[in-house]
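What follows is a single chain, given as structure tokens, in the form predicted on its own.
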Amino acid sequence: MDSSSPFLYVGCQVGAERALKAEVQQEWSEFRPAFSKPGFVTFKAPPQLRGIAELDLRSAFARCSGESLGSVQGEGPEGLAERFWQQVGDQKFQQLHVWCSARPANFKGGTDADEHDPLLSVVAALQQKCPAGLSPGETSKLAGTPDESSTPPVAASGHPFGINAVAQTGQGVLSCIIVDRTRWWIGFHKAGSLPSRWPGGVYPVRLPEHAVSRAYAKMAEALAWSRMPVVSGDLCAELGCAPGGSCQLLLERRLRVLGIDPAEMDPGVLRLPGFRHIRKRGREVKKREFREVRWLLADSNVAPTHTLDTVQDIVTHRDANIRGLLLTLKLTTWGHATSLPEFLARIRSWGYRYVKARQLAHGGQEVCVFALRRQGLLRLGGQARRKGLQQR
């Protein structure tokens, strides 16, 4: 690889490659697409660009990114692992993330994974071929709800590093990206934002057996990524809530939930304290029902403009005092991806000063948008300051 021309790697949802390329080139016109596979794209950066391992792409479709250190090819995990470490050389790092570019977010990773999971053979080969002086830590279980205080496992001696653990802010993360059976890619980045600390940019959560739908995991990821500053007792309203997986997660976080959907809810969710179901479409609900709602969520299987029209009618009503939004915009066609800046501008026009978007790993062909008004920003800032004081 030409050392004067750094390369950027980006992981994304399978199918989002074209949308990702268009978004990156809109923001970074000097980047040129290079290698591409499902869920994985590299870009050639200008020779003068430095600090690519810490670059924030500001991309809704980028699940993770960093500096590409090239790739290795061969047959079998052992041979590939040996070439991997040879190419890594003396690169310093504290965490090793091993992930498959074309793999869905709901795979069974970690030490309690299925014994036939091919990722385990890759991890085992990397541990076996690890050079002397490097001591990999235990492979972490992808379970629970990691946050800023999550501490990854480390080895007892040598140069400790965790494997598939949630990285700490500022740590160097080496990535082994399984592009296909005979080719692994090598990446490096500095952990900064919370998603950049997750292996492959995938929020490490398992769907519990009692969850009524996969929306449970998606809501867990949305709350972690957005850091929506909800507190116990807050009233949330969700448009398109059936059968109730996301409501279930919110109720377990001790929030009150107003679920709005003409479809039936899971009986178990209906019995949970703090939940009320209005069996109507969002547009059919009287605006007085939203007077005490502080957080509005939407996940309806309709076109983005339909969702935005419904939400606008609610949040701009004179009786509404909704501090924050967490909206799922379904990309019924990938052509909607080019309209994302317009969608975000429209949300800002309602008085939401802070707006960001991300394609969640536990979601589908859609984008999650988080927006806050001034009151929500003040609470978010207060929570961040309190957490900082606690960590000191």
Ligand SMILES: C[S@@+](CC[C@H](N)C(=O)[O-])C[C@H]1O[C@@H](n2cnc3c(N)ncnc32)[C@H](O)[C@@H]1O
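Numbers for residues come from their place in the sequence shown, where the first is 1. As the structure is a prediction and not an experimental result, all values here were calculated from the model.
This next part talks about the form predicted in complex with the named molecule, which is not shown.
The stretch that touches the named molecule in the predicted complex, counting heavy atoms within 4.5 Å, is 275-283, out of 119-127, 275-283, 69-77, 165-173. Remark: P229 does not count among the residues lining the named molecule in the predicted complex, judged by a heavy atom distance of 4.5 Å or less. Heavy atoms of R358 never reach within 4.5 Å of the named molecule in the predicted complex, leaving it off the interface.
In the predicted complex, none of the heavy atoms of A320 sits within 4.5 Å of a heavy atom of the named molecule. Among residues of the shown chain, G240 is one whose heavy atoms approach the named molecule to within 4.5 Å in the predicted complex.
Of the listed positions (A215, V202, I314, V257), a single one reaches within 4.5 angstroms of the named molecule by any non-hydrogen atom in the predicted complex, namely A215. Contact with the named molecule in the predicted complex, defined as a heavy atom within 4.5 Å, holds for exactly one of V302, A102, L270, L207, namely V302. Along 252-268, residues I260, D261, P262, A263 each place a heavy atom within 4.5 Å of the named molecule in the predicted complex.
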